[in-house]
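Listed next as structure tokens is one chain, alone, in the form predicted alone.
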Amino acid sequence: MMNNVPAHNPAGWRNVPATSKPIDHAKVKKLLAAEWKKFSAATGKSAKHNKLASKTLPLGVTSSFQHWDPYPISIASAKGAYFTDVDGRKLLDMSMGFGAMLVGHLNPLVVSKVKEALDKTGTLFVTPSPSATEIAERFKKRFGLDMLRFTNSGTESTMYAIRVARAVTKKKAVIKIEGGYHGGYDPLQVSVKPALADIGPADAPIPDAPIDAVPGTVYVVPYNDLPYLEKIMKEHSDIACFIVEPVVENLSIILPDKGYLEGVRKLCDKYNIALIFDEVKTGLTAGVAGASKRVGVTPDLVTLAKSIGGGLPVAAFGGKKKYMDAVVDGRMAHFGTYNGNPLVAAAMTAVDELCTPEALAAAEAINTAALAKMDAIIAKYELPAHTIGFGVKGAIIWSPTPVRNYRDFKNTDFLMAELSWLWGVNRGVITPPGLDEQWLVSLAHTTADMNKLVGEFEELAKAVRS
């Protein structure tokens, strides 16, 4: 325990400094203004491209998260751990598609196997194919699933997992975590990073649904709060499933308390509620068999995407026979023209071959070493921040105390988070927009690459304290 904060699950990394000093926000605002000027001066072609793209694509992007004001950087190509933007700059990619590029951009084995499928196998049959069966068997063994089906996106996978749970339990309501994101399915649009003014008190959250969603009955609970979760389960008999990221990764990184996920498993069993682990963002970035294996808790259903596909659009849902039998007997029909096509099957096979225990352990060791170096910088400059990590992912959270749920996350220093993110962008280190600044160490990253991230972070610390 630290300041009465429960210990986190030991599968993750969290290091909070013993002492810290406040940051002068007047200085932060001054630095931010200078950094935005620097950004505009270096990215003229990105500005021009965004202006052109905006005439056809809303906001000039293909997915709304890609946009930031005044405009995002436009990328011309990528290889290994690096981007080249339209202004000709080489940039270290620390986002890596939120995990989709775990094996690196244009990984030679992925390229080779996909080219072989293009040359010799085909692109789409819409009939059964040995290539899909073979990779399904590999993933069944790797992730400890009884059965699985392929889809084309994380959104599809979470949608179908919920529909399977409803078909089996004969109930319809959903429980989700406050602040959590699980894709575009209507029930999962509830309380995704909502405004605090709209969601009531922390001890009795009010679900917040956007006007464009028709979610049905959705109960919202704080992460890391077993008593409130049981209260909701006990009061409502219509709950089909509880969907949760075992490690929350859309709010920087939030680790489960020690014993939390084990408690969740027991409560779901007690109240006949399906437990769905959304591993779209964890998956292989958490380790060789995903977060479920790493934390030692088995869900009823799991959703996978991003890291399993080597950069191609593929996802999956699967789990226990009791639930997947609903697809077998037609209680929940699952369709999709492109599901498990030969190109994505080839890419998944390459990823399965590449993501050995040794390869993932080496990438995680690089990440852990970088986190330790950042800990030293935080301590040296007495920054009100701490490191957080899980598998090959890591982040700096601008809070002197641990973040255990969405309300904690909303109390972090977002002005400093913006400066930290932009500081890196202007020095050739790209982390995701959104002020959660989560990075990913792919199989293509080296210690020298991570030292660039560490180096620009120390420059920032010096600037803030000068």
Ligand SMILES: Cc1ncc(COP(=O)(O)O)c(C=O)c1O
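Because the structure is predicted, anything quoted here is derived from the model rather than measured. Don't overthink the numbering: it's just position in the shown sequence, from 1.
Separately, the form predicted together with the ligand exists; it is not shown, and the next lines address it.
Query raised in the report: Would residue 155 count as a contact of the ligand in the model of the complex, using a 4.5 angstroms cut-off between non-hydrogen atoms?
Result: It does: once the ligand is placed as it appears in the model of the complex, residue 155 has a heavy atom within 4.5 Å of it.
Report task. Find out whether any non-hydrogen atom of residue 183 is located within 4.5 angstroms of the ligand in the model of the complex, and reply yes or no. Result -> Yes, contact at 4.5 Å.
Query raised in the report: Might residue 285 be said to contact the ligand in the model of the complex, defining contact as any heavy atom within 4.5 Å?
Result: Close contact is absent here: in the model of the complex, residue 285 is far from the ligand, nothing within 4.5 Å, heavy atoms only.
Query raised in the report: So in the model of the complex, does residue 245 come within 4.5 Å of the ligand, heavy atom to heavy atom?
Result: Close contact exists here: in the model of the complex, residue 245 approaches the ligand to within 4.5 Å, heavy atoms only.
Query raised in the report: Which among 288-296, 219-227, 245-253, 352-360 is in contact with the ligand in the model of the complex, heavy atoms within 4.5 angstroms?
Result: Stretch with heavy atoms near the partner: 245-253.
**Report entry** Candidate from 275, 174, 135, 280 lying within 4.5 Å of the ligand in the model of the complex - any heavy atom
**Finding:** The residue in contact is 280.
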